[in-house]
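What follows is a single chain, given as structure tokens, in the form predicted alone.
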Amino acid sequence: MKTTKTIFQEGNHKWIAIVRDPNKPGYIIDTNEYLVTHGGRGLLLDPGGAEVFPAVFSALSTEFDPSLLSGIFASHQDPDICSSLALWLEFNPQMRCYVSWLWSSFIPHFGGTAETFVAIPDEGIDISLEGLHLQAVPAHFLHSSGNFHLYDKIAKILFSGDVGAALLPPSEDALFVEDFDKHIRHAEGFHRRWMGSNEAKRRWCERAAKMEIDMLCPQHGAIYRGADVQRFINWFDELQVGIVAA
């Protein structure tokens, strides 16, 4: 089963990371799921694939009543992002799924009805959770053509999907980045190949550098915090990504 770690709490406002399942099969990529709770309701970010649903559901249930989930935020369309959608909806059919308009007619192949989906326009929207306003931030072409991150200005946390992701070896699976120079080696190949556009990367770095971010939370790997957030933005800004030699 995965474990839960509270990474931010202020009153009834909380961020919980759902991470690291020692029983996960080695042939599937490890994923981080995040739960934002506020005022007794919850929003689940990139809930993961169908194969990890039991581990995510069990871990989440130790911290929060799943029947109080209001919705799912899907950063993009990949199976490791939200192929578990039908299983979550089977438990709670009232949940909504926030996703780029570009994928709002593709993701229903994972489950749901027309009422399930809230299509996010390219410029982004604010998502309300019991009075808390979370900002869907454009991150298109990083690495999906319709891609969003989620910013919480109160917690100063940016959920960054695949940006910041690292493919960590089993011996280096700490929740937070402890040694940036050592850690970033595991992120370089991922970003060079999966990020499609240097122009999109530059725009994202400019936008992120202007935001107050205490924690940058990717879907794979470890969380950047403190000074490592800006170190990552600077590193990413310098990295050449995109087209590879065939």
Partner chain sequence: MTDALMAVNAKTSRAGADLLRIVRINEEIKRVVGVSFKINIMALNAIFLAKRAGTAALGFGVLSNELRVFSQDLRTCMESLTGLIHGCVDEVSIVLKDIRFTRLLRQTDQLTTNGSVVPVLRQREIENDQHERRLSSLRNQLKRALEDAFRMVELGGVLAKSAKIEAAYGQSFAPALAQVSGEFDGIVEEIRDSLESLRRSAFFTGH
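Just so it is clear, the structure is predicted and the values come from calculations on it, not from any experiment. Numbering follows the first chain given and starts at 1.
Form predicted in complex with its partner chain: not shown, discussed below.
- Of these, D126, E115, E90, D122, which has a heavy atom no more than 4.5 Å from its partner chain in the predicted bound form? Among D126, E115, E90, D122, a heavy atom within 4.5 Å of its partner chain in the predicted bound form occurs only for E90.
- Message: Taking 4.5 angstroms as the heavy atom distance cut-off, pick the stretch from 49-57, 185-193, 211-219, 36-44 that is near its partner chain in the predicted bound form.
- Response: This holds for exactly one stretch, 49-57.
- Does the trio L69, Q135 and I157 actually contact its partner chain in the predicted bound form, every residue with a heavy atom within 4.5 Å? Heavy-atom distance to its partner chain in the predicted bound form: none of the three under 4.5 Å.
- Taking heavy atoms only, is L168 within 4.5 angstroms of its partner chain in the predicted bound form? Outside the cut-off, so no.
- Task: With heavy atoms only and a cut-off of 4.5 Å, decide whether A86 touches its partner chain in the predicted bound form.
- Result: Yes, A86 sits close enough to its partner chain in the predicted bound form that at least one of its heavy atoms falls within 4.5 Å.
- Message: Is M1 near its partner chain? Define near as a heavy atom within 4.5 Å, in the predicted bound form.
- Response: Contact with its partner chain, yes.
- Task: Counting only non-hydrogen atoms and a 4.5 Å cut-off, give the residues of 194-212 close to its partner chain in the predicted bound form.
- Result: If the 4.5 Å heavy-atom criterion is applied to its partner chain in the predicted bound form, 194-212 yields nothing.
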